[in-house]
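There is one chain below, alone, in structure tokens, taken in the form predicted alone.
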């Protein structure tokens, strides 16, 4: 009998090294790397600014010339800087509630009511979001010159409202669209008026978005340079003072020291407000992360 040849068997399948655990480790490494890079890009310049605010030399560069507190003493005695800082704070504190009020009313009208030219009105309100601030600043300068209004901090505040309240309108409109419209209808059916519904029903549901809008508006107003530069006249805001000081090399360390102090105060305020909200919400059985996310 002819000997039977052994059947050919396929080679064993290669071992699979890409296991689930390795995928998780790789994903974690990618996330950590991404967060580290973003943190370096966002906070690296602030750290460098803070480090060189203690440098004895007026040049931002290595080698480090030794530590000193001279620039902080000079910053504390810089009257013009503190006057401009006070002016920026006053403008931002007035502009923020005005933008929140105008943005809330316009967002509520655009998202809850149907009227002629509604689309045109919404586009007109949101137009400053797409127009460059340089054009808005020049247009504001020309407008105030034509109506014979003296440029001052008041004109700066008016222009800050023009550029900031459309952002509030956009944010609140997006949140109102996601809200169940039956909540509004149920409130009206139960006898509440439009003002009562807005005050007791809609606004509490919009509080996280309103808080985020307030942060954006305050930041835009406090840090704005382009529009303020054209409409401030002979008055100074803090960004204008920084711009004028950076043209003199000897004032650069003072600007670094003052910016470091402001950044430190901002961090302390934000952390303090966060912890205060966290404690108050925990007493009510809520998680601050859910509230911030709008859940």
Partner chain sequence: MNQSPSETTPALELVELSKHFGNVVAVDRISLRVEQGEFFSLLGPSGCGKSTTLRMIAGFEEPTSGRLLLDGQEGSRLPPFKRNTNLVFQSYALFPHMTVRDNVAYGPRRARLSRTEVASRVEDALRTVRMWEYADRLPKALSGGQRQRVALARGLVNHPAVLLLDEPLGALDLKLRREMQIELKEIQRRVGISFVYVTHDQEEALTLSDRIAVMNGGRVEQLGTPEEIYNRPTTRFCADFIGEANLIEVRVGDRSGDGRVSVVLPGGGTALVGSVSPSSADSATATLVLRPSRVALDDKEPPHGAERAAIPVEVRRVIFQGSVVRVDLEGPEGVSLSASTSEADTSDLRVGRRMWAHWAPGETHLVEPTKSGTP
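Positions refer to the first chain, counted from 1. Bear in mind that the values here come from a model prediction, so they are computed numbers and not experimental data.
The form predicted in complex with its partner chain is left out here; the points below concern that form.
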Quiz prompt | Distance check, residue 190 to its partner chain in the predicted complex, heavy atom within 4.5 Å | solution = yes
Practice problem: Flag residue 150 as yes or no: does it have a non-hydrogen atom within 4.5 angstroms of any non-hydrogen atom of its partner chain in the predicted complex? | Solution: no
Quiz item: With a 4.5 Å heavy atom cut-off, would you call residue 183 a contact of its partner chain in the predicted complex?
Solution: yes
Quiz item: Any of the heavy atoms of residue 283 lying within 4.5 Å of its partner chain in the predicted complex?
Solution: yes
Self-check item: Single option in 201, 94, 212, 74 placed near its partner chain in the predicted complex, where near means a heavy atom within 4.5 Å
Solution: 201
